[in-house]
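In C-alpha cells, the next block holds one chain alone, the form predicted alone.
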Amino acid sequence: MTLSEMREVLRRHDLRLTKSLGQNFLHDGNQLRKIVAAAELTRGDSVLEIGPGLGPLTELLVEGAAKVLAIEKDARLIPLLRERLSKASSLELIEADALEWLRAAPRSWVGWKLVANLPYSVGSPILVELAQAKEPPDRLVVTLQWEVVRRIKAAPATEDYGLLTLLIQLRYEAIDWFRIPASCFFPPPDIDSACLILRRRTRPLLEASLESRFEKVVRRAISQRRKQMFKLLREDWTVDALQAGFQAADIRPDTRAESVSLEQFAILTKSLTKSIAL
C-alpha cells in the first residue's frame, strides 16, 4: 500500500487518524519488506500482529505464514481490513485493546512470532506482557520509538539501562535493529523510530519459578538509580542474605544497580531465594 493509496482509503471512508491511539501508519514498501525478512517467516509459522492499521504489513504476513492473528483497537478500521483482506483465509482479526486482551486471555505463544508496528503509547507494556507470559513467543520483531529500542537493548552502566532492559532481556536477546525514517509513516511521527529484532533465549538465565522474584529484586534495586542497591534491598532482605548474594554475584556493597549486569542480577536472585528457603 503506497502513501497515495493510504490517503485515498482514508479520504474515501472519511477517516481521521487518532493521535491518542498512536496511529502512524508505516507505508514504505522497502521498510515493510525488511520487517518481514527480519521475522524469518516459514510456512508453518503463526504470527501475532498488534495494531495492523490499514493492513500493509498484514498483507505481507499472510503471504508468508500459516496463521496471522491481528488485533486492532480502532473499530473504524475493522471493516476496511476485512474488505481488503477478504481472501486471506489464514487471517484472524480481533477488535480489542491488545494489552487488555493479552492480560484477560493468557495463552501459550510457543511457536508464535510477534511482528508489529506497535502503537507507541503502549509498546513497552505490551512487550513486557508478552515477554513475561508463561510461554512467550519465539521471536519479536517490533517497530517502536527509538528511545524505547535504546532502553531495551542497553548495556549496563549506560544511561538507557534500566528496568525495561532487564525485564525484556531476561528472556530475550536483542540480535539486530534498524532505523526507520519518519517519512516512511503517515502521518510522520515527531519522534525517531526503529525496528528491533528479539530472539528468545535458548538457555534461560533463571527457572520460571524464580522470575517473579527476579522482578521484585530489580524493581527495588533500580527504584532509585543514584542510591546504593544494597541499602535499597535491605527493605526486603536481611543483611546476611544480601552479603551472601552480593558475594556470589561478585557485586560490591557500594554498587548502584545501573552498573549490575543481567547475569549478576540472576545470580543474586538465586542466592536470595536460597536464603529464604533455609
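Everything quoted here is computed from the prediction, not taken from an experiment. Start at 1 with the first residue shown and count on from there.
Separately, the form predicted together with S-adenosylmethionine (SAM) exists; it is not shown, and the next lines address it.
Contact annotation: L205 falls outside 4.5 Å of S-adenosylmethionine (SAM) in the predicted bound form, judged by heavy atom distances. Using a 4.5 angstroms limit between non-hydrogen atoms, G245 is distant from S-adenosylmethionine (SAM) in the predicted bound form. In the predicted bound form, at least one heavy atom of V122 sits within 4.5 Å of S-adenosylmethionine (SAM). Heavy atoms of T269 never reach within 4.5 Å of S-adenosylmethionine (SAM) in the predicted bound form, leaving it off the interface. Not one of E147, A194 and I197 is positioned with any heavy atom within 4.5 Å of S-adenosylmethionine (SAM) in the predicted bound form.
Annotated contact segment (heavy atom within 4.5 Å of S-adenosylmethionine (SAM) in the predicted bound form): 52 to 60, selected among 249 to 257, 205 to 213, 52 to 60, 224 to 232.
With the partner omitted here, the residue from A131, L118, A88, A154 that has a non-hydrogen atom within 4.5 angstroms of S-adenosylmethionine (SAM) in the predicted bound form is L118. Residues from 68 to 88 that approach S-adenosylmethionine (SAM) in the predicted bound form with a non-hydrogen atom closer than or equal to 4.5 Å are I71, E72, K73, D74, L77, in the order they occur in the chain.
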